[in-house]
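Only one chain is shown below, in structure tokens, and it's the form predicted alone.
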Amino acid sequence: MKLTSNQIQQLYKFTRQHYVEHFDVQTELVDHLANDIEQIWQEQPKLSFEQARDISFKKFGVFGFMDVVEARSKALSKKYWELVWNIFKQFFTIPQILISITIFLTIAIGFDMFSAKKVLLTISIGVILALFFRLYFLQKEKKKRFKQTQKKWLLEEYIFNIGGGVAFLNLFFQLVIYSPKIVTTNFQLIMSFILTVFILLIYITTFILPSKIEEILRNQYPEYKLV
């Protein structure tokens, strides 16, 4: 016995009722449940749809779908940083390398002209303001997209939340707090390189990836084209 389209929609509703918000994870679970229910019906054809569904659901254990959601989140977190890395590598090839060199030299010159604490504090304030303003607009864009499609995608969530990139702020605060009063040339060069890398990462996560959201989702999810 095969599930009807109405029963498939009921399974989507069932996953939402069990706190699975993202359509891609819902689809994965619905596919699993549908196949399992059809297998259960082969063995116990007299069971109703709801009975077979509940038997299938119990196989997920006491935490229900949460283990699947967690595993999916970890897998997509890895995918997210693969996307970041692929773009990041481009900044060390011509012509993007010119951008990296410009940022590096600007920071290095700043260390040469001002105290390390002042340079790090200035960069930190700039990064904080840029992140908060960008996050504000990204959240508005995310809400707008959901209003149009009524669907959430886990990878989309990562991208619009900049992959937890706010954690970068702690690094800048630590650098400001523990920056030495007297710095050597080696310190200036190393810090200039580290800061260049983090500025590029922040730029990629806050501007480049969100601008490629449609392309990324189409490549990641075959079902996205049908939405």
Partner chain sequence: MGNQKLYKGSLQTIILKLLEENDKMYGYEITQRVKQLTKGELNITEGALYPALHKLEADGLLDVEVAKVDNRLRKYYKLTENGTKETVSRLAEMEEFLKTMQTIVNPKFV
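What you are looking at is a predicted structure, and each value in this text was computed from that prediction instead of being measured. We call the rigid core the largest set of C-alpha positions that still match within 1.5 Å between the two forms. Numbering follows the first chain given and starts at 1.
Beyond the structure shown, there is the form predicted together with its partner chain, which is absent from this document and is the topic of what follows.
Per the 4.5 Å heavy atom criterion, its partner chain in the predicted complex is contacted by stretch 27 to 35, the sole one of 27 to 35, 155 to 163, 44 to 52, 194 to 202. Though the partner is left out of this view, R134 does not reach within 4.5 Å of its partner chain in the predicted complex, counting heavy atoms only. Looking at V183, you'd find every heavy atom of it more than 4.5 angstroms from its partner chain in the predicted complex. For the chain shown alone, R145 is not a contact residue for its partner chain in the predicted complex, no non-hydrogen atom being within 4.5 angstroms. At the 4.5 Å threshold, heavy atoms of I99 stay clear of its partner chain in the predicted complex, well away from it.
In the predicted complex, the residues of 69 to 108 lying within 4.5 Å of its partner chain by at least one heavy atom are, in order, A71, R72, A75, K78, E82. Annotation: Cα of W41 displaced by at least 2 Å between the shown form and the other one, core superposition.
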